[in-house]
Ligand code: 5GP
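The chain below stands alone and is given as structure tokens, in the form predicted on its own.
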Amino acid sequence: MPTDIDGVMIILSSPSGAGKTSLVNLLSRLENFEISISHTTRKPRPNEIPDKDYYFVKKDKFKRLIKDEEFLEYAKVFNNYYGTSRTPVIDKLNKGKNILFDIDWQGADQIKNKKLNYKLITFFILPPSKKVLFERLSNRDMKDKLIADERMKQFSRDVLHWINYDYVVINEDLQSCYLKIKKLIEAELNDGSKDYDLEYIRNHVEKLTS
């Protein structure tokens, strides 16, 4: 079992465009919370800072890290690789830092299967509707409608993985969604009561997939 001083792992996953990165950034402002920085082979977006948002690397270096078993998880998404390095995560957890992961369902499954000796809380973020999701994707430095369309197709597959998470939260309003996640984390850490309606979530998923 983890000791009282060990940190906790908190995973946020979502279909592309549902807002998990914005939520992770808000949570990282809490005391003792830090974001796990992933490696990726994709190009930086205009607002991204290398070594802060991601470690941007070439494919051959990424494949070398896979071979050296350096990743807690990695996945290929939209023709690019993403992965979480083991060493910095374990070091920070041992120092009592709570580590936030901004990763997809494939990465979340891999971390769960590693059965690391630390508490793990998982969240899946959903949009309020497919219409809102498409608007967000179309506005997000993606002027190419084909990219937004491709991500919408992927959404229909990704959303099916909601059932494997501890909590599913709907991101209709960023601040409200953040506060909901924060309260659920606090309840988990302090054995408090949890305001969570699974039936409501199940109905929402049915609407998104119908």
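Bear in mind the structure is a predicted one, so any value in this text is a computation, not a measurement. Just count from 1 along the sequence shown to find any residue number.
Missing here is the form predicted together with guanosine-5'-monophosphate (5GP); even so, the following discussion is about that form.
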Listed range touching guanosine-5'-monophosphate (5GP), judged in the predicted bound form by heavy atoms within 4.5 Å, from 116-124, 131-139, 92-100, 79-87
79-87
Spell out, yes or no, whether the shortest heavy atom distance between residue 54 and guanosine-5'-monophosphate (5GP) in the predicted bound form is within 4.5 Å.
yes
Answer for residue 161 alone: is it within 4.5 Å of guanosine-5'-monophosphate (5GP) in the predicted bound form, judged on heavy atom distances?
no
Residue contact check: residue 41 to guanosine-5'-monophosphate (5GP) in the predicted bound form, 4.5 Å heavy atom:
no
Find out whether any non-hydrogen atom of residue 182 is located within 4.5 angstroms of guanosine-5'-monophosphate (5GP) in the predicted bound form, and reply yes or no.
no
